[in-house]
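What follows is a single chain, given as structure tokens, in the form predicted on its own.
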């Protein structure tokens, strides 16, 4: 090796190490600059200041507990008791919670020394341990109180509204009404509403006890009242889950049926005409390049809201994805198997059926079943837009800003549905494709 060769090798080695050092320091520097950009672009300091942890705590507690409303209409003086404040959860006439006592002076015992009294003339007294007695009176649209100017952070007050939040419950006073919220753990009325004769009855009583409703048997009556529960809507939820799975199934299977023959036109081995291949591939790019949510909005204008619109949106998007996957699988089939079938005198269609399809079926089925599982989740979001399935019910519960226990219930069902589809697709994949023990 000459001196020139040595110098050239040294020069190339130095250049190589310089590039490695550049990449070693440059890439982390670029990532650091990107994170700094994110820090300011998304206003993370301002986001931290605007965060309201009290609202987060209230939301979290509402998801695993329920509240009973004791509401006095300051215009009529009528007091109502209702679970979650819903008409469907209202206590029947003459019934009320056992922690509410009195007639002319109504005493609401929230526990731990927290007492609220509804007095005549729209007056209210609130006793909170360690704080002076709070007196308020509703007059027209205003609320007059004896609250001091320097209020603790758990009291918000103005001339129109007073809000008091304690560990035992919340009190809201306005000119129109006075309301107490008492929290309890659990999902009340999940099984039976207050108007059901089976409310408050134990499982043993229903199964083995005397007949509760003279017109119905205990088991059939209990199942009917649970299935038709007006608050938790179990029948509607089951129907919505079925719609969501149906959207995913129809969209996925329809896309697979359409994509398979088109994949032959996009595969070079089976479609020698370049113009046909290019047009088919661009069609795949177009339909999968637009997200299913966008197709949902477009199709909703044409077909209106409903599960069919969601299924078509999934079908259109997955047709492009399946077409690309299937065509790539067809490009890699073994030519010898096709030649073996052709040697028997098989026609072109028979060669495809017995020489090509058996080779790609495992890959096709694996992809179809995976997308079926994935589209079950996507159908939840699509349903929120098209007005169908469990996604719509979840969106409606979120929009109310108060039914967070129902939000938790629907999310739990969605997770269970996805877990079931995951298990089912794995089981079906094992049955159809097979696997090693």
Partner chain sequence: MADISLSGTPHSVDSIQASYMAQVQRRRLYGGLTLLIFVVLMVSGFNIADDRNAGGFWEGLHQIGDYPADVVSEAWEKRADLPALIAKFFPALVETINIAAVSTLIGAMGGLFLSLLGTRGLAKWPRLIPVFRRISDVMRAVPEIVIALVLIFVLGGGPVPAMIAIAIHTAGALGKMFSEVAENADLKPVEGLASTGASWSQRMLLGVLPQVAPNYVSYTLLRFEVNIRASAILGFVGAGGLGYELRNAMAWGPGRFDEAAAIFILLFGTIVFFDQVSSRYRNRLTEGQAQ
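Positions refer to the first chain, counted from 1. Small disclaimer: the values here were computed from a predicted structure and weren't measured. Between two forms, the rigid core is the largest collection of C-alphas that superpose within 1.5 Å.
The protein also exists as the form predicted together with the partner chain; that form is not presented, and the subsequent description refers to it.
Among residues of the shown chain, residue 243 is one whose heavy atoms approach the partner chain to within 4.5 Å in the model of the complex. The shortest heavy atom separation between residue 249 and the partner chain in the model of the complex is within 4.5 Å. At a distance threshold of 4.5 angstroms between non-hydrogen atoms, residue 299 is in contact with the partner chain in the model of the complex. In the model of the complex, residue 67 stays away from the partner chain, with no heavy atom inside 4.5 Å. None of 192, 264, 81, 239 but one reaches within 4.5 angstroms of the partner chain in the model of the complex through a heavy atom, and that residue is 239.
Annotated contact segment (heavy atom within 4.5 Å of the partner chain in the model of the complex): 280-288, selected among 146-154, 179-187, 280-288, 133-141. Along 297-336, a non-hydrogen atom within 4.5 Å of the partner chain in the model of the complex is carried by 297, 298, 299, 301, 302, 303, 304, 305, 306, 307, 308, 309, 312, 317, in order along the sequence. After superposition on the rigid core, the Cα atom of residue 27 is displaced by 2 Å or more between this form and the one not shown.
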